[in-house]
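Heads up, the chain below is alone and in the form predicted on its own; it's given as structure tokens.
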Amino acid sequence: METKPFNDHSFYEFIGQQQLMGSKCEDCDTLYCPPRAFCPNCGGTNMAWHQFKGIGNLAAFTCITVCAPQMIALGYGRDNPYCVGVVHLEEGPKIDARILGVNAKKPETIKIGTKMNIQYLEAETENDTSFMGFSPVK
């Protein structure tokens, strides 16, 4: 049984190990991703780690053209937008992430409901940690 605390640091450590981990309330079976230390559904604190498959459907997205300095340093901006979105995981929770493998310059080609698969990525800058994104299943 995994004993890491249910927080963002642990979540990203798992991402670095190519595992999408969240938490499950052992009292009411509600799943959370990223993990939560207590269950907002029943108020319980009897939580356990739960590994997700990393498969889901695109629920929402936006293409970013006005970027944070970190993303501008990576080459993103008005002429090279990137996409972020919400993926509804097969197990139930929704998670926000970068959406990869889509044409952010033509958002009309990105379709809600598209089946997505997780991609584990190395940090893009020296101050980043590994991160995850989702791309359409081909």
Partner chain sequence: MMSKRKKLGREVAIVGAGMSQFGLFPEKNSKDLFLEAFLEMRDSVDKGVDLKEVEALYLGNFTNDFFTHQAHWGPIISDIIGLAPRPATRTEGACASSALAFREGVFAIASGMYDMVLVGGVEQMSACSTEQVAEGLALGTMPYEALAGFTFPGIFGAVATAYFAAFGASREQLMGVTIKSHNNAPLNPKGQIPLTVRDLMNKKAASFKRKEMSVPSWSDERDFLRDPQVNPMVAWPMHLFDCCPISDGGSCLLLTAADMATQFTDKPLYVAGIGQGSGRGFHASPEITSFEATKYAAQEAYGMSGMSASDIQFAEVHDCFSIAEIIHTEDLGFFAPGQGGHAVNDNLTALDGIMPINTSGGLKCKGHPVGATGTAQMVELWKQLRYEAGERQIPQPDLQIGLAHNLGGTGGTCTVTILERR
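Numbering follows the first chain given and starts at 1. Just so it is clear, the structure is predicted and the values come from calculations on it, not from any experiment.
From this point on, the text means the form predicted together with its partner chain, which you will not see here.
Student: Is there a non-hydrogen atom of V66 within 4.5 angstroms of a non-hydrogen atom of its partner chain in the predicted bound form?
Tutor: The answer is yes: V66 has a heavy atom within 4.5 Å of its partner chain.
Student: I'd like to know if R98 sits close to its partner chain in the predicted bound form, meaning any non-hydrogen atom pair within 4.5 angstroms.
Tutor: Output for R98 is yes: heavy atoms within 4.5 Å of its partner chain.
Student: Quick check on A59: any heavy atom within 4.5 Å of its partner chain in the predicted bound form?
Tutor: Judged by the heavy-atom cut-off of 4.5 Å, A59 is in contact with its partner chain in the predicted bound form.
Student: May I ask you to check whether G43 falls inside a 4.5 Å heavy atom distance of its partner chain in the predicted bound form?
Tutor: G43: no, not in contact with its partner chain in the predicted bound form.
Student: Let me know the one among A48, A73, C28, I112 whose heavy atoms come within 4.5 Å of its partner chain in the predicted bound form, would you?
Tutor: Of the listed residues, the single hit is I112.
Student: With its partner chain taken in the predicted bound form, which residues across 21-49 come within 4.5 angstroms through any non-hydrogen atom?
Tutor: Going through 21-49 in order - heavy atoms within 4.5 Å of its partner chain in the predicted bound form - the hits are P34, R36.
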